[in-house]
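Each of two forms of one protein chain follows alone as structure tokens, named structure 1 and structure 2.
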Structure 1
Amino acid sequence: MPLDPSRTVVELRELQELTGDENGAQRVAWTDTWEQAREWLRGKVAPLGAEESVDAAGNQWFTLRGASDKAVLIGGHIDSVPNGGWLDGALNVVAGLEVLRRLAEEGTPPVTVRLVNWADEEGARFGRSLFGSSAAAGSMTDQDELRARKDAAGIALADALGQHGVELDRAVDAARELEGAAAYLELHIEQGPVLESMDLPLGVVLGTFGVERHQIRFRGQAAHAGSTPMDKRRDALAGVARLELEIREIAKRTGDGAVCTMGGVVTKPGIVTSVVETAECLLDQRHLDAGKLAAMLGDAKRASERFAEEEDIAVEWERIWNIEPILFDDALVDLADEAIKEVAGKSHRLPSGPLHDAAEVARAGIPTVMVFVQSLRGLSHTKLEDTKEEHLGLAVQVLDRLATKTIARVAAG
């Protein structure tokens, strides 16, 4: 069978019909609907002669044995958030299926090719994203914490996993699946507005941003809004306001895709008749360069301390979470760039703001690259998520070409 990109679109709609409803995709990991989607994928791959296996973390593998044991991996995730979109994760699984079909048709490939459907990328039910890929990558170090996790109904993560044949304590045994892996390829919707704004269907991803997340608390003094002169105030909100404007300047002067976001503010007492005593805000900073990310964080901290001093208020920082930038493989980035140019004429290199399974695989030392296809209006994690069909078709062609180039590269050693 020659490659048929339009079939990918048909199959994605078939999957959405089977596992979605009027509110969007409902393939939340560790649920019956998710298992139904996995069964659907199993049925699609069966005629191709690729062997199916499910690893210790619940990841679903389809292996097309090649002349060499060295393996090129194509990975995605069929799980979605509740009321999610039809493309986030599923696109690459279904596009990868089409590439596998084309390869299987052509006989034994020079190297082994494996399609992997990672378990629980979204972490929608238990708040732990990248479950299956981090287990395989050897970076899952939080089992003790995971053992205590429950979903909204009070069901423990370990019990939910058990119902799908996965033992939490053994999940990290999935690491053996990456032995022999020589390259990892992932196609994903951008989930942002960059490609659409540049009128480009596709781009190659340089890596995933490093992230610094903090909660910052400014403390001033509550005071009557009528009886307290302006020069006698210690207004905690002023610290937040100045920091919100400053982080934009920090991002702008850092450049290279730097982003800083103040996502929420909580004021206390928060009433119209009082100066704000305590103002808490959430800060998210991201950059592809670890040094620049550290500098952005330092700049924001110093600025907040200067504002606190000038406003006669106090400030304290608490880290919520952070992760280092994860860079993809230079040679594979070049191959993906070539593939995009051949199919779509023009390519663009961009960082990924969101994390992806590909970041976990890259952390494990496997040469990795991702391709982004344009998202309409940058929307994702909503049923409004969409991509033009012609762009989906181009994306399948790019993944196919990238797979061919990568197989050739790995086969050549």
Structure 2
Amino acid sequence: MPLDPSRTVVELRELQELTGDENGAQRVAWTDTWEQAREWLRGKVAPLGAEESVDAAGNQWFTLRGASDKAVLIGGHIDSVPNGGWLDGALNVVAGLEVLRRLAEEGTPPVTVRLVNWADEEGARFGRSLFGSSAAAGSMTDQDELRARKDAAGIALADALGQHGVELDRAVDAARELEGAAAYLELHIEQGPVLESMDLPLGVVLGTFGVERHQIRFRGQAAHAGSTPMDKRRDALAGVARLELEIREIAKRTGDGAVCTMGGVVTKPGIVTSVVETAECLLDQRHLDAGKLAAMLGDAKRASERFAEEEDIAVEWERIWNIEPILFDDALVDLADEAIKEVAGKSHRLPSGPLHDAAEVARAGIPTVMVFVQSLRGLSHTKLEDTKEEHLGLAVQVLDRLATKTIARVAAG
């Protein structure tokens, strides 16, 4: 069975019709619709003779045994955010399915090839992204915090997992699945505008940004909006407002793709007749260089302290989450670059701002690389997400060629 990239597009549309509605994809992890998508994938792989298994974290594996137990992994996730796009995550898995078809038709590969559908990459229901891959990678160390997580309906994460055959306390047992893994490959839509702005269909990913995520709380004094002169106010919102403008300058000064985002602001008492007493904001900072990321954080903290002093208010910082930058394997980056140039003529090397399962696999010490395909208008996590079908076809060809090169490299040794 020769590689048929057009079949990938047809199957992605089929999955879209099966698990989406007029608002977009609805394959939120740990829901019936997500399970329906996993069953759909199971049916697609069944004729190939690959062995299916589901590990302790709920990750779905399809194994095509080779002449060697050394394994090349091709991975992605089929879960989506609510009202998501038709490509985010699903492209990885369905394109990997097409590569697996081609390999199965040709007979026993020189090394074992495994397609993995990671569980709950998005974290849409419980706010914990990269659940399955972090469990497998051994970086899931927040079990106590996870036990306390609940969804919008008040359902505990552990209870939802149990409904899908996963025990939270045993999820880390998924680590055994990475034994013997020699390489990990992942294809993904870019989810940003860089490749489109360069008129390039594909690029190779150098790594994923490190992230520093903090809650910042400014404390002032509530006072009547009508009777308190402007120069007598201790307005907590002024600290947030000034910091929001400053983080944009911090990102500009840092350069090299630096981004800073204030993603949410809550004020109290939150009424129009009162000066703001407390203002809380969420700050997200990202960079591919650990040193520059640390410098950005330091600049933001110093700025917040200066603004607090000037506004006669107080400021507190609380780290919510962080992850170090992840650099992908140089040799695999070169192979991906070659594959893209052979298929599409030109390539580009770029970092990834969003996190991906590939970052967790790389953290586990497994040589890893990602390929990005252009996103129209840079949109993702919306039903408007899209990529040209001809670019999707090229992406499947590149993944197949990259898999061939990687298999040969691993087999040689």
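When a residue number appears, read it as a position in the sequence of structure 1, where counting begins at 1. Just so it is clear, the model here is predicted, and its values are computed rather than measured. If you superpose the two forms and keep the largest set of C-alpha atoms that fall within 1.5 Å, you have the rigid core.
Note on provenance: structure 2 matches the form predicted on its own.
Of the two rigid parts that make up the chain, the smaller rotates 12° against the larger between the two structures. Superposing the rigid core and comparing between the two structures gives a CA shift of 9.9 Å at residue 229. Relative to the superposed core, residue 285 moves its CA by 2.7 Å between the two structures.
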